[in-house]
Each structure stands twice: as C-alpha cells, then as structure tokens.
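Shown next as structure tokens: one chain only, the form predicted alone.
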C-alpha cells in the first residue's frame, strides 16, 4: 500500500492534468483550479520539509564537530533572527525589512557580482579563436555585443541590423531546437513517473 497508493495518485493526477487541456467543460476546469490550489498547499509543506532537512543537516555538523561548523552556527542565528523578526511584521522600517535590505540584498549583490567574473572567465575561454566554430562564435558574440550598445551604430549602421538577424534567425533556430528537446525530455520524464518506472521521488529506486 505504501507504494501502490502514491503511484496510483500520481498516475491519476498526471492523466487528469494532461487531458484537461482538451476538455473545456466547467466541471473539469473547476477540478483543475482545485488541484492548483492543492499544489500551493504542497509547496508550503515542501518549504517546511526543506527547512527541517536543513536544520537537521547543520545540527549533525555541529553535533559531530565537523570542520566548518561555524557556518552552521551562522545559519542558525540568521534563520532564528529572520523567523523571529518575520513574526513581528515585515512593514518598511521593521527589523525584518532592515535585515533584508542591509544583509540579504548586499549578499545577493555580491553573489551576482562574483557570477559576472565567472561568466567573463568562461567567455574568455570559449571565445578563443582556435577552431572555425570558435571563430564564428567569437564574431557573432562581438557583433551582438556591439549591436546592443550605441557605439555599434556609430561604428557602422548595419551592425544593429546584423545583430537582429543573428538573434532572430540562427539564435532563434537553436533556441527552438533546445526548447523542443527540453519539452520531449519533460514528457519522457513525466511518463516514466506516471507509469512507475521512475520512483526516485518515493525515496528509493525500486
């Protein structure tokens, strides 16, 4: 029963969500809206389970004196403060808003700034013209970057038009091919889960 009931519910929900697109009956659409409301409840439980799992993981590190356990203490202090401040209110000027604006936002800005350096490093390695494909990629990237800034139009009037052509023809064709592949992969994964072939979401492989 512990395996058959979740698999049956998953199969029924998957089939319903697939066929509801082709049945515009009010009762079917009402059940569709109801399932979406249930999904929000499931997401709330998913956040709760994720928080409990995070606390257990870092409590294990502190309990077993794992190297770097100081970061776990920082996590517990930050988590406790934000939860406590959140219960007092999130209005502008509140302690929660102060922590968010002065801690969370600068941390996110720092992470994205570091990400920009990694992207620049990856672009430098990818754009080295060692092969014909790398040379074409370098030329296309240079034209697109110049076409997206005013200096490109000043250098030559055809650069913005060339940028639009690159983005709308070869780039769009490759993007659609990738999206088709992603869609087919999602359909295959959904069928495997609905038919019980893929059972990793149940906490095991059998």
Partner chain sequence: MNRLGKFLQIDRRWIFLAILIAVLAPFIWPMGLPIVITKPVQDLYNAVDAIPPNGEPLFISIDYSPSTVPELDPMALAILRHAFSKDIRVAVLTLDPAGYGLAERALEAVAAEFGKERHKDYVFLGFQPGISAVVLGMGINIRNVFPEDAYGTPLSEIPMMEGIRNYDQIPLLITLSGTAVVEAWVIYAHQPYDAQIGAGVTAVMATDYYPFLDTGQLVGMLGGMRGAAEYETLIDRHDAGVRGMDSQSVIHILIIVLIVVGNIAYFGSRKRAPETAGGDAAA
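Numbering follows the first chain given and starts at 1. Since the model is a prediction, treat every value here as computed from it, not as a measurement.
Not pictured, yet referred to below: the form predicted in complex with its partner chain.
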| query | finding |
| --- | --- |
| Distance check, residue 146 to its partner chain in the predicted complex, heavy atom within 4.5 Å | yes |
| 4.5 Å heavy atom contact, residue 138 to its partner chain in the predicted complex | yes |
| Residue 158, heavy atom within 4.5 angstroms of its partner chain in the predicted complex | no |
| Its partner chain contact at residue 63 in the predicted complex, heavy atom, 4.5 Å | no |
| Contacts with its partner chain in the predicted complex - residues in 149-171 whose heavy atoms fall within 4.5 Å | 149, 150, 151, 153, 154 |
